[in-house]
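Given as structure tokens, the chain that follows is alone and in the form predicted on its own.
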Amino acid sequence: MVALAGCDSSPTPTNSLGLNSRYNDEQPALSGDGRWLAFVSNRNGSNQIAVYDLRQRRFVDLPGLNQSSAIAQNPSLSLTGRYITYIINDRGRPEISLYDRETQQSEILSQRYSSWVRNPKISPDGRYVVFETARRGQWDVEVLDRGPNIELDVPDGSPVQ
């Protein structure tokens, strides 16, 4: 069992490698296979997305995901944690971004939306992203299809449909 809150009375080093710390950790999301935990943490001085491997009990590197000039929030994970969708705000306007842990690349998915967006959630296979948009002056739900040609997040050995 892993606790997310910092309830331990012993001092935790600021460079703690474990989940529990004296920093704010919030907005948790669990991968479909239960192995990967993503959340927003201010451990490095600004709100950044962190991913923790619950099996190995360690944080994983996310090269290129967090930017010092941007605020990242609302992470969501695909089945095996390959894809992470999240909100990034670096110019005062939130955008939905997708990070591929395999290629270590991020891409903005909401470029064609001129309205506000929030709370993206990715489907287990990584093809669909559902989110809220204020396109009509109220919050509505939309589904973004990344298309049939993306590499789906399926466990190794699974048949491709």
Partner chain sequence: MIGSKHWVLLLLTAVLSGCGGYPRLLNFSFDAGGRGLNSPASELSPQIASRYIAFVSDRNGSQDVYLFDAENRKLIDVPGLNSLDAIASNPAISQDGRYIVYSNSRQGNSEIELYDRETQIARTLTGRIQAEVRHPTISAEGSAIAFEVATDGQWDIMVVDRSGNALDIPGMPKE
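Residue numbers count along the first chain shown, from 1. Treat the numbers as computed from the prediction; the structure is a model and nothing was measured.
Beyond the structure shown, there is the form predicted together with its partner chain, which is absent from this document and is the topic of what follows.
*Asks:* Would Pro94 count as touching its partner chain in the predicted complex under a 4.5 Å heavy atom rule?
*Replies:* The answer is no: Pro94 has no heavy atom within 4.5 Å of its partner chain.
*Asks:* Is Pro28 a contact residue for its partner chain in the predicted complex, using a 4.5 Å heavy atom cut-off?
*Replies:* Yes, Pro28 sits close enough to its partner chain in the predicted complex that at least one of its heavy atoms falls within 4.5 Å.
*Asks:* Whether Phe39 contacts its partner chain in the predicted complex should be assessed with a 4.5 Å heavy atom distance threshold; does it?
*Replies:* So Phe39 counts as contacting its partner chain.
*Asks:* Is Tyr52 close enough to its partner chain in the predicted complex to count, meaning some heavy atom within 4.5 Å?
*Replies:* Within the cut-off, so yes.
*Asks:* Let me know which residues along 128-152 have a heavy atom within 4.5 Å of its partner chain in the predicted complex, or say none if there are none.
*Replies:* Residues within 4.5 Å: Tyr128, Val130, Phe131, Glu132, Arg136, Gln138, Trp139, Asp140, Val141, Glu142, Val143, Leu144, Asp145, Arg146, Gly147, Pro148.
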